[in-house]
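Below you'll find only one chain, the form predicted alone, shown as structure tokens.
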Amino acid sequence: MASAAQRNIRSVSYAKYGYFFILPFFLVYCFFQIWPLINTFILSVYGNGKAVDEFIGLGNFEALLFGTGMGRASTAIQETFFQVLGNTLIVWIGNFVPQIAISLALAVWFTDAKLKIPGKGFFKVIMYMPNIITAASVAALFLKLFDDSKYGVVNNLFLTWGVIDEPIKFITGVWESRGMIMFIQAWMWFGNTMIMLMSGIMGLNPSLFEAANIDGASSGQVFRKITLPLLRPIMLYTLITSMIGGLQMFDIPYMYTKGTQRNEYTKTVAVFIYEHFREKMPNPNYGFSGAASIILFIITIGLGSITFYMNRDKDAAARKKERKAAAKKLKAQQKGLGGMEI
């Protein structure tokens, strides 16, 4: 039998001390995240560039979404908002599709046991390095390389080789500038995506691949029938995080500009929010910034919910539905017997 001292030791619960260790995180989160979030909702229904006590209500949202509610300026602000929203979606989709394709191909390549690739660790580090470079440095580098003038590095080379007759507008052109931002974003983040996909593939049961090899499955069949279906959770995570980051894209679109004049075709919602909140001093448009933030928040939730729904486990959902139906049927039977259990 255990002694009294041993029983006392076993009766002491140390789980509560874990809450003391995580308490600072929640305090910092509440102070720096919860209150700013609440304050954003408050600012979204107040006036623009005037005293905070001037209540506008839903006028800011009406101006951004419908072009009504705040006079003749509403139509212009609505057109601007929908343009920057379209820019955001175009740039995000344009960089995410090649990013996930390249990352998945490299992840499968690097984790294939049949391929004896020398220097795998070196290549992984090199491919991940763009992710740790600051956005300001990346923007400065690409601005120097792809300057619109004939003195830009790339334009100068193309003109010298006779590839083009006049400089390409990499910074101020419509699709040229969008394409450059798509390329920069994909180049910066594909290494991080590749590492996540590699971790997902390496976590799969090796016996599945061994059985497929014994059965004579080709590499394409293994990829389509085993790797991709089992990678659904990590692919869903990658899609959601990329969508959130893409809709909040700010640094590269903000800094990849020529002088102080920004390209209207690369301006994103985050840049729109910053301009109305900070750059229009001494008359900032807090209301428009707050309303645009809330709209972006709602769009993110909507797209995320659709993504989760489309990628749900249908078999698990069907089993859950069957269990609920069985429990409901059993409850009805017990109720018919006067609540007596059989």
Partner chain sequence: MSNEKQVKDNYTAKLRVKSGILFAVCVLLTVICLLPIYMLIINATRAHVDIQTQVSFLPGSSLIDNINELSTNPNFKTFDALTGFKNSLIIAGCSTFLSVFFSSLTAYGLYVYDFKIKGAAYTFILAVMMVPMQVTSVGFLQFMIKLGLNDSYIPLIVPTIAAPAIVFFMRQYLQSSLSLSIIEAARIDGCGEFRTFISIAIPMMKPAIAVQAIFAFVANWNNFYQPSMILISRKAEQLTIPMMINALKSNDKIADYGVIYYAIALSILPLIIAYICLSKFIIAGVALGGVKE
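Residue numbers count along the first chain shown, from 1. Model, not experiment: these values are computed from the prediction.
Omitted from view is the form predicted in complex with the partner chain, to which the following refers.
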### Query
Which listed residue (Gln83, Thr172, Asn156, Thr75) meets the criterion of a heavy atom within 4.5 Å of the partner chain in the predicted bound form?
Asn156
### Task
Consider the chain as shown here, without its partner, and state which of Met243, Met180, Leu106, Ile100 has a heavy atom within 4.5 Å of the partner chain in the predicted bound form.
Leu106
### Message
Does any part of Gln221 reach within 4.5 Å of the partner chain in the predicted bound form? Heavy atoms only, please.
### Response
no
### Message
Is Tyr286 part of the interface with the partner chain in the predicted bound form - any heavy atom within 4.5 Å?
### Response
yes
### Residue contact check: Val163 to the partner chain in the predicted bound form, 4.5 Å heavy atom
no
### Query
Would Leu37 count as touching the partner chain in the predicted bound form under a 4.5 Å heavy atom rule?
yes
### Query
Looking at the partner chain in the predicted bound form, do all three of Leu43, Pro233 and Phe297 come within 4.5 Å of it through at least one heavy atom?
yes
### Message
Within 4.5 Å, heavy atoms only, one stretch in 122-130, 221-229, 172-180, 83-91 touches the partner chain in the predicted bound form. Which?
### Response
122-130
## Note on the structure
Of the residues spanning 126-144, the ones with some heavy atom within 4.5 Å of the partner chain in the predicted bound form are Ile126, Met127, Tyr128, Met129, Pro130, Ile132, Ile133, Thr134, Ala136, Ser137, Ala140, Leu141, Phe142, Leu143, Lys144
